[in-house]
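Below, in structure tokens: the form predicted alone, a single chain.
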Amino acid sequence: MELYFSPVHFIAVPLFAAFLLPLLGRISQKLVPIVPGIVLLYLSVVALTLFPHAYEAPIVEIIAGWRPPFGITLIFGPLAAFLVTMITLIGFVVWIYSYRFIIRQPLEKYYMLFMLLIAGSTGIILTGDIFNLFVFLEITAIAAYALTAFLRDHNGAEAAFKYLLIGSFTSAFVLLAIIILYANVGTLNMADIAMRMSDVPVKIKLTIMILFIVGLGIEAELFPLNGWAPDAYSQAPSPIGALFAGIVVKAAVYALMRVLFTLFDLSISSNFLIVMGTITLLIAEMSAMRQQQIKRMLAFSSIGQMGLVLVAFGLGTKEGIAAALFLMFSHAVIKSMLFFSAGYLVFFSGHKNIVDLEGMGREKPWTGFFFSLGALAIIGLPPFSGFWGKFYLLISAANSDHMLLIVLILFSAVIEAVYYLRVVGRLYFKKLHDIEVRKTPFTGLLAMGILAFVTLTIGIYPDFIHELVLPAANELLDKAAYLQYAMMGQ
């Protein structure tokens, strides 16, 4: 079947836009914020067009005619289709929000880094080559460091430096793992590596796996490697916090799972993921409850949600992985909405502390409404999408006889409800501070409204997403099928 679009577009088009924007900025500043929107709209159309084809049969793109295992391949199967479509759509909504929120110069720098982050994140998901996965990780990380320091103030620079310092360990550990891997199997194609892993001595195999878990676990916010996240989330502008929660961390989690499920035997890492995911969840939720600043609270909440996702992947069943993907989708939508609304609450109040937001729910009804709706959704109350992610996870845990795990997940949900409802209570049941209340731009309301609509719609019709994540989960589990089509043996 001939396709008019190719998965290459997801990498090439935003990369071209990133290099074009500084030149465009010299011609007209008005065009700078428009071009990324056109690019993301185009990528969303490409993703939605390729989506049904990928679910029918994975699309394998061979770069420059070099067939695997010698050349580089891009693989657009059900899992990649689900995640890449999610990233492009979330990216488009972030662009709508940024259009009036980001007004600080140089605009071309912000949008150039935005485009690099999109190209790097989609590249991580699409590539079938382990070294290219490292390259795309670096592109994403460098863009994320620079975006953290975009406001060029002391706190932003400090957070970016901390992120850079910890992120450099990601580079070192992943690169070292790839070097050892290549020295033992002599190939960089992930499918070819998977077929040769049985020849690698067990001790070396374990060393490589630990290096990958530590390296990729830093970007995936795995405890205790997530020290960069609270500062980066809280000091960066709000749309960047949404980019981190909705795109960067999701791509890193995918990279970690692709490596563990395809290159190694999952039974070795399954219990490790459940234990570390649970620890990450509990510590992050308890830390979130102690926070005085709203964006730091959202940051720790994001870390907790990633712990939940890792637990779901660790169950290793089709239902568990489907629950993890549902949680990733739900978290990307809801947490972006929370960062958007929190961004305007902080902007209007002029303060980051929760106590300074008292009464703003009544003065800023729509912004307060979207934050409250996001809070109820992320807690997991029906009829929002957050409910179904947790519900599917609890069902999967029960089917796997992990009763203690169910208790701990429910305990963390109670903690989560306490600190989110505390903020909602302050928004509506406290006296407003003496502040100048301004109007929320239409683009901000539109972006939050889209995400609220998606959260509510998926909450009412969860099967729409659940039926999409089941084939994606099957792809991650069916290693033999992945190896077959990745090596063009389909």
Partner chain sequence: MRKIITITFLAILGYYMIILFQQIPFGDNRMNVGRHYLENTIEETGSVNTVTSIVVSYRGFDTLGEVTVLFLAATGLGAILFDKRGKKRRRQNASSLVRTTSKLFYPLIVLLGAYVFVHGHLTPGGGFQGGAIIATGVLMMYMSYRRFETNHKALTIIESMAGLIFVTIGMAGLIIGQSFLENFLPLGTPNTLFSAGIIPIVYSAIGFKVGAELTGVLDTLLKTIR
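Residue numbers count along the first chain shown, from 1. Just so we're clear, the structure is a prediction, and the values are computed from it rather than from any experiment.
The same protein has a further form, the form predicted in complex with its partner chain, not shown here; the description that follows concerns it.
Comment: its partner chain is not present in this chain, but in the model of the complex one of A194, L394, I139, I166 has a heavy atom within 4.5 Å of it, namely I139. This chain is displayed alone, yet in the model of the complex one of V185, A417, M209, V346 has a heavy atom within 4.5 Å of its partner chain; that residue is V185. Contact with its partner chain in the model of the complex, judged as any non-hydrogen atom within 4.5 angstroms, is confined among 423-431, 32-40, 453-461, 54-62 to 54-62. The closest non-hydrogen atom of S6 lies within 4.5 Å of its partner chain in the model of the complex. Its partner chain is not shown here, but in the model of the complex it comes within 4.5 Å of a heavy atom of N132.
Although the partner is absent from this view, L113 contacts its partner chain in the model of the complex, with a non-hydrogen atom inside 4.5 angstroms. Although the partner is absent here, A481 is not a contact residue: none of its heavy atoms lies within 4.5 angstroms of its partner chain in the model of the complex. Using a 4.5 angstroms heavy atom cutoff to its partner chain in the model of the complex, all of L23, W66 and G71 count as contacting.
Of all the residues from 92-115, those having a non-hydrogen atom no more than 4.5 Å from its partner chain in the model of the complex are Q105, P106, K109, M112, L113.
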